[in-house]
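Okay, so we've got a single protein chain in two different forms coming up as structure tokens, structure 1 first and structure 2 after it.
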Structure 1
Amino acid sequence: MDSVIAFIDANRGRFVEELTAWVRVPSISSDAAHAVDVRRSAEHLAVELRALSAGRVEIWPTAGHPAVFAEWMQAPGKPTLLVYGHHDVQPVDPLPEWITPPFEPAVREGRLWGRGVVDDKGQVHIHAKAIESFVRTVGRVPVNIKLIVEGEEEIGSVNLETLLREHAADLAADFVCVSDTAMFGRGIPSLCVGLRGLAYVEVFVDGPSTDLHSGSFGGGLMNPVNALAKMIASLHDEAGHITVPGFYDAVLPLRDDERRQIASLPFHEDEWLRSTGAPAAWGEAGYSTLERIWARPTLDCCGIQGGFQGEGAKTILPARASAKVSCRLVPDQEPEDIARKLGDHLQRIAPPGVRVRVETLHGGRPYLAPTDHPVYDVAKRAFSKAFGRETVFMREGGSIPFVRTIADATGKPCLLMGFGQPDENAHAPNEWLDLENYHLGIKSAAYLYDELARLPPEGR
């Protein structure tokens, strides 16, 4: 490993330059105007991987945006690791808030700034550079590696299940590694062992057929905005518990040892609160802040609209109102079940005089890793070797639907080995990647491959 690590150190600057070239491609999957750029992003990655002695590099088309597949199967008798990432990125709005243009990456304060640098091009690139470091020094990677990099993660991975089904044999592996998560803090090697799922609905409340004069009709008809506001407000009680009947029925409770492990992490709530700009923390009674955002379900109104929004006053009784409601889910909740229960409840609590319709927008299932599997000890050792300190287990409050999809499809342990930071602005202006984490991430991936080579294949 000495020559591999020395190569990583010697090529640190070049690796950043090559990541920068990929980030310049504006692969925004949600914008049809950038469809050609998403394709160009896939081609850029494929060219880079072909230069690394891969046995196969292919661009897999889908009904939407393409994915990239590559494999290095030059280690007979050794385990096979499937690495997942994505090359599509979020939109950049609001553009005026960017200090430097989102697709003109810049280095400042030991960070690389630009859209997609951490979510997820930088994290995919970590694996590409770890593979290169083995190929250029010892001639091959010590384990078998397959790499799947999709182009639709930011729009819900809508065609991923089809890819998994159609290419099941190509993607067969002993272990799965996803690098699309954050570390607990700067310099703290962290393995994410839990992700929340998601159920997202939109509720529409209709009253009169058109906006009406509030003087002539106000007091005689139910105002849809008033009705919706009352309905949304009633979805939590004073203790922060969600009032939807059956919402908590399938929730897997935190074990005492899990609560102790979370409590042992170096979390400073006052610093965390200052980073948010909010005046006080809030949430479900009986749980710490980390427990609430990692391991308890939530229900949030993400947006609400209705009535007059222009400058000045307009005296109307609005014809309609709507709200978008997001539920973060934990094991063993199912998004379809929660969306149905929420929709039924909103229908029940609607006051007379309005009509209610609830539409499910999208969802994803939660994931909890089997941390007693030997591969987690292997990953902890690899991380610790690179960072020089003990690796911690953490969870993440966000959702990556693919993780549960591939875990269920393969039946294999899924390592969530991320190298981002909690405040990296992944979906906001001024996204950044800590370049020290990027460098140590490449070393971590290299050590992971080396450590995995000591495990027997699980059999497929």
Structure 2
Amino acid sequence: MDSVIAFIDANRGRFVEELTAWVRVPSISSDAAHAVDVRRSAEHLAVELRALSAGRVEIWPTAGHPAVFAEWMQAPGKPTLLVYGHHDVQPVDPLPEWITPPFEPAVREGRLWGRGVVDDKGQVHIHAKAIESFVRTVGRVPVNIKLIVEGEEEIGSVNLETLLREHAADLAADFVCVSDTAMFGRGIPSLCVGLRGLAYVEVFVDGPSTDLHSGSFGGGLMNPVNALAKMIASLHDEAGHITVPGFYDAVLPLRDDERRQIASLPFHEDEWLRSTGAPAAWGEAGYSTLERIWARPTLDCCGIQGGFQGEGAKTILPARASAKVSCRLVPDQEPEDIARKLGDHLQRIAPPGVRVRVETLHGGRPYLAPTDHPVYDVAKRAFSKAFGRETVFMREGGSIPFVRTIADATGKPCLLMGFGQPDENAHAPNEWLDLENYHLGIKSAAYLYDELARLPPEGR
């Protein structure tokens, strides 16, 4: 490993330059105007991977944006690791809040700033550079590696199940590794052992066929904005519980040992609150903040519109209103079941005088890692070697649909080895990647491959 680690140290600057070039490609998957950029991003990555003696590098088309697949099968008799990441990025608005433009990545304060630097191009790049470091020193990677980099993660991985089904044989592996999460805190290597799922719906409330004069009609008709606001407000009770019937039916209660483990982490609630800028914490009664954001389901209105939005006052009774509502899910909730229960409930609570329609946008299933599997100790050891500190288990409140899909399809354990920081501004203006983490991340991935190579392949 010495030569590999020395190579990583010696090429630190060049690796960042190469990542920078990829981040310049504005691969925003949610915006049809950027579809050609998502394709360019896939091609950019494929070119970089082709230079690394991969046996196969392919761009896999989907009904939406393409994925990139590559494999290094140079370790006969050794286990196979499937590495997943995504090359699409979130939109950049509000643009004026960026200190430097999102697709002109810049280095400041030991960080690389730009859209997608940490979510998730930087974390995919960590694996590419770990692979390169083996190829260019010892000539081959010590385990077999398959890499799949999706182009639609940020829009709910809508074509992923089809892709995984079509390529099930290509993707067969003993272990899965996903680097698309953050570490618990600065310098603390953290394996994420739980992800929440997601059910996302849009609700449309229609009243009169056109906006009306609120003087002439107000008081005589139900106002769709009033109706929708009341419906949304009623979805939580005073204790912060969600009121949708059956919402909690499948929720696995937190076990005492899980609560103890979460409580043992060095979480500073005051610092966390300060980082948000909000005046107070809020949440479901009976749970700590970490439990609320990692291990309890939520319902949030992500956006609401309707009526007059312009300057000054306009006296109307609006014709319609709509809202986007997302629920974060925990095991064993199912996105389809929750979307249906929420949709039925919204229909039921709609006041007379409006018509309600609910559309499901997308979803993903929650994941809990089988941490009693020995591979988690191997990953802990590798991560700790690079960071010089004990690795902790944590969970994340966010969702990565791939993880549960592949875990269910293959039965293999997934290592969520993330290299972000909790305050990295993912999905927000001024996203950044800690360059020390990026560098140590490459070493962590290299140690992981090295450690996995000492394990027997799983019977498959």
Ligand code: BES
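We call the rigid core whatever largest set of C-alpha positions still superposes within 1.5 Å between the two forms. Everything numeric here is computed off the predicted structure, so don't read it as measured data. Please note that residue numbering is based on structure 1, beginning with 1 at the start of its sequence.
- Annotation: structure 1 represents the form predicted alone, while structure 2 represents the other form.
- For Val141, a C-alpha deviation below 2 angstroms is recorded between structure 1 and structure 2 after rigid-core alignment.
- Gly220 shows a C-alpha shift of 2 Å or greater between structure 1 and structure 2 [criterion: core-superposed Cα displacement of 2 Å].
- With the core held fixed, Glu166 shows a CA shift below 2 Å between structure 1 and structure 2.
- Aligning the rigid core leaves the CA of Val205 displaced by 3.4 Å between structure 1 and structure 2.
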